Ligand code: SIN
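Okay, so here's just one chain, in structure tokens, the form predicted on its own.
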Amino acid sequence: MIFEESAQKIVVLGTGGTIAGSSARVEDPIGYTAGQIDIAELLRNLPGMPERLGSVQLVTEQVAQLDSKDMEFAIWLQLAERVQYHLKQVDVRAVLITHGTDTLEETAYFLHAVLPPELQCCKPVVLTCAMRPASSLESDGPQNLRDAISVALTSGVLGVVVLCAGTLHSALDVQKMHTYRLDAFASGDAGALGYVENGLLRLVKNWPLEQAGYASSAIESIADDGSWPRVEIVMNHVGGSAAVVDALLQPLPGYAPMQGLVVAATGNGSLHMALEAALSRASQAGVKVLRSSRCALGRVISGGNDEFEHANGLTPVKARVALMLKLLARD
């Protein structure tokens, strides 16, 4: 048994990010250093929590303290292990993760892919963030934390989700769409899962668990030797050439051989003829090629005779995660 209705703990895992950032000047929302304040401190004086939590206890754990642009595979593995451990505890009703916005969508998708379905179908993993540092006069972190806790307290919530600016997104669809706005995330054509309004979650879609845990076996491969397959992203553009692909295929001291390439194609997966030829050579050399699109909305629709597999609607960065996990599971 991994869940009981009377579960009285929400575990909050801190990884740093802007939500834990600090600046020398409270009026400066840009010139700050991320990952400066520990998660226990962020929650210590969060307004309105006693009334919202009732008898539920917040338990904190600092998994990492970094700017999410510097997120590493080793931290991903540690985070997945800690999330899995806590989800298995019968007195834990949810896991909440604070994270930087730059790579949040990749971490959310990674957890969605590797956490076992039997855990995701019973409890939520809620990631939240901030676009302004904790030291800012108008920090959005406290509200996002309160809203994320409201989501975690809502009966029936499950799977890996992302809460930002009052909007709840699926880990499968969420994408950072703006560089500085507080509502920086969107879910493209799929749309949001719901909205937190006055402390209550209004759900507008069902929980998307159809692919949850599909790569959970890859965790064992990662834990065994700690190595991740080398997968890079290339982009199609005007004047696209073979140079980048050919350079990536060359042996580099200290780097593993290339095992996968994700191409951020134009439109519906279209490729410059020179880039397409280079990708064909890479494929013939044993490199797995996955085709995504650089368009913010829509997905690549297969024509039925495509040379390269398409990414099932994933953005290039999520397609890279998916390809790494696929290669790991195959090893």
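Values in this document were obtained by computation on a predicted structure and should not be read as measured data. Numbering starts at 1 and follows the sequence shown.
There is also a form predicted together with succinic acid; it is not shown, and the following applies to it.
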TODO: Spot the stretch among 73-81, 163-171, 97-105, 230-238 with residues whose non-hydrogen atoms come within 4.5 Å of succinic acid in the predicted bound form.
DONE: 97-105
Task: Answer option from A282, A34, L275, V300, heavy atom within 4.5 Å of succinic acid in the predicted bound form - done: A34
- [ ] Find the only residue in I149, L261, L193, A130 having a heavy atom within 4.5 Å of succinic acid in the predicted bound form.
- [x] A130
TODO: Report whether the minimum heavy atom distance between K176 and succinic acid in the predicted bound form is within 4.5 Å.
DONE: yes
Open item on the list: Given that succinic acid is not shown alongside this chain, does D67 nevertheless sit within 4.5 Å of it in the predicted bound form, heavy atom to heavy atom?
Closed with: yes
